[in-house]
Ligand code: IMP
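What follows is a single chain, given as structure tokens, in the form predicted on its own.
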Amino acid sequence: MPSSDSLSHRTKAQALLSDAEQIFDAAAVQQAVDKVAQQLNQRFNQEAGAAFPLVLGVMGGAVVFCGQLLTRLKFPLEFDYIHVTRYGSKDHGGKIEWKVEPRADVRGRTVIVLDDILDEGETLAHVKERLLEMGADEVLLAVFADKDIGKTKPVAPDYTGLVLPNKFVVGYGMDAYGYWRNLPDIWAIKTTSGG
């Protein structure tokens, strides 16, 4: 029999979707992944003398995007992951801390950073700057989704699957309070702050 804590989490998770709006269905999500894969394949598979890139997935949000995108890439690559967090309040990030740095040497490499969403851009801007400081020749940002927040961000993605409205979204690696990363489609949920 499930514990009361387990049932409480299940109830909270289900409540988040009870009044949610589907933004993109699963077919649109897969088309977005295809789009990013085609663009990367064009650059790294057809370009004469193309680099042997290091691909870094940003954990944990990018795990779904990474897993599905990697199977579509048709060029030689090395894969690793990084884990970067922002400490602060639950709603707003604070200081950026690296929990896991790349194990592979980035010096002289083309590095492709994969992430689920470019929201305000502070974390990915920091990641790009840090990898360049570590000696990467170039750092390319490939995101499943770029959120249209209505203002300039400190960094722009080089490859984007979807553009999302400025709403609190879940699905395809993106979560709310730890729930619903596993959805194959994208949903906008209502938050207590009205976002």
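Each residue number is its position in the shown sequence, starting from 1. Treat the numbers as computed from the prediction; the structure is a model and nothing was measured.
Below: the form predicted in complex with this ligand, not depicted.
- Just one listed stretch, out of 166 to 174, 64 to 72, 132 to 140, 30 to 38, contacts this ligand in the predicted complex at the 4.5 Å heavy atom level, and that stretch is 166 to 174.
- Contact annotation for Glu122: at least one heavy atom lies within 4.5 Å of this ligand in the predicted complex.
- Taking non-hydrogen atoms only, Arg86 approaches this ligand to within 4.5 angstroms in the predicted complex.
- Among heavy atoms of Ile117, some come within 4.5 Å of this ligand in the predicted complex.
- Within this chain, Arg43 is remote from the site of this ligand in the predicted complex, having no heavy atom within 4.5 Å.
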